[in-house]
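Heads up, the chain below is alone and in the form predicted on its own; it's given as structure tokens.
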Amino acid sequence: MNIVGLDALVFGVDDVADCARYLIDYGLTPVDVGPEGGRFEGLDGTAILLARRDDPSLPPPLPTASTLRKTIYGVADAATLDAIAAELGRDRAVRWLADGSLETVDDLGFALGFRVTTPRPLSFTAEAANAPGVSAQRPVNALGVDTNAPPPKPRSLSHVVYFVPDVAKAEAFYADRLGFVTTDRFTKVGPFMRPAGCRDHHTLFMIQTPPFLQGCEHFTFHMGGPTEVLAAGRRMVELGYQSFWGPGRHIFGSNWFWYFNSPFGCHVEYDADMDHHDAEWVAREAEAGADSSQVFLFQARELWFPSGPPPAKTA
């Protein structure tokens, strides 16, 4: 099935204003936002949709504290929507909504949506680096650092990570019923998966947990390169948000990362420079741990100049 990737994630929360402020500070653009919620977009139009927890238009919540209410995937065409409806309609309710999208649930109860994707085309360049031995990527006199540049913006919704009580059952559903491919795997933890129409290393990662933790562990948007990850993360720190993990660079996926705590009850990440794969790729497997999850890991510090002692470490 030609599922292209994530189109949107839908959250139902108690404090809409707090969550809205977080998404704006993260760099998303508010669209039609009000006291009851709204849409917060990356540069290509993929988005986080925010609503009150008791909004009757939302799918039922998971039987946990998770605020994630629906994961919406974009598909290439109407024929793919029809194929998904026929496949999943064999053993569960599938609803056609007024906007032409499908709504259903996976085998573990996560609400799913599918719609023909219409992302805005992006024409930006990736981060350019000059290095000996290759042609210069930046023209002569073009600066690699612009201290007057506006804060970098998230470009595209990258992936979502689920805590699941039965990872084997969940993986089988996405592989057998929706055509997802497992790119890599952490032993006894879970798979990194991508849909057939996407070459990103993963759009879905699932982690085996006890049932009471079921829900969203984190979501992330792609940035334009590692400098944008660092700049955006630095700005979040300066705004008072707590860094959870990073900055660093993962091994599976090779993506740069920086995770933050959030009022959504999950973590929110910036990522950049993720590997792409096709059908020739052979999935790897590794034990999960510090050595297998990152090549290196940094820690944010106050700016410093070598003219005296480093700043005192803050708690």
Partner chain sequence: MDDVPLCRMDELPPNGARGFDPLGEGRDALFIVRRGDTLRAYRNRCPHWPGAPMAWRKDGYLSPDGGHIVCYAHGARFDIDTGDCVQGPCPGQSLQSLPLIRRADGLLLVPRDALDLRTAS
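Positions refer to the first chain, counted from 1. Just so it is clear, the model here is predicted, and its values are computed rather than measured.
Form predicted together with the partner chain: not shown, discussed below.
*Asks:* Please state whether every one of the three residues S158, F205 and L297 places a non-hydrogen atom within 4.5 angstroms of the partner chain in the model of the complex.
*Replies:* Per the other structure, none of S158, F205 and L297 touch the partner chain.
*Asks:* Tell me which stretch of 110-118, 180-188, 74-82, 208-216 has a heavy atom within 4.5 angstroms of the partner chain in the model of the complex.
*Replies:* It is 208-216 that comes within 4.5 Å of the partner.
*Asks:* Should H250 be counted as a contact of the partner chain in the model of the complex, where contact means heavy atoms within 4.5 Å?
*Replies:* Taking the distances in the model of the complex, the answer for H250 is no, it never comes within 4.5 Å of the partner chain.
*Asks:* Is it the case that C266, even though its partner is missing from this view, gets within 4.5 Å of the partner chain in the model of the complex, heavy atoms only?
*Replies:* Contact check for C266: yes, within 4.5 Å of the partner chain in the model of the complex.
*Asks:* Is S243 a contact residue for the partner chain in the model of the complex, using a 4.5 Å heavy atom cut-off?
*Replies:* Result yes; S243 sits at the interface with the partner chain in the model of the complex.
*Asks:* Even though the partner chain is not shown here, does F192 get within 4.5 Å of it in the model of the complex, heavy atoms only?
*Replies:* No, F192 is distant from the partner.
*Asks:* Using a 4.5 Å cut-off on any heavy atom, which residues of 11-29 would contact the partner chain in the model of the complex?
*Replies:* Sequence-ordered list: D14, D15, D18, Y22.
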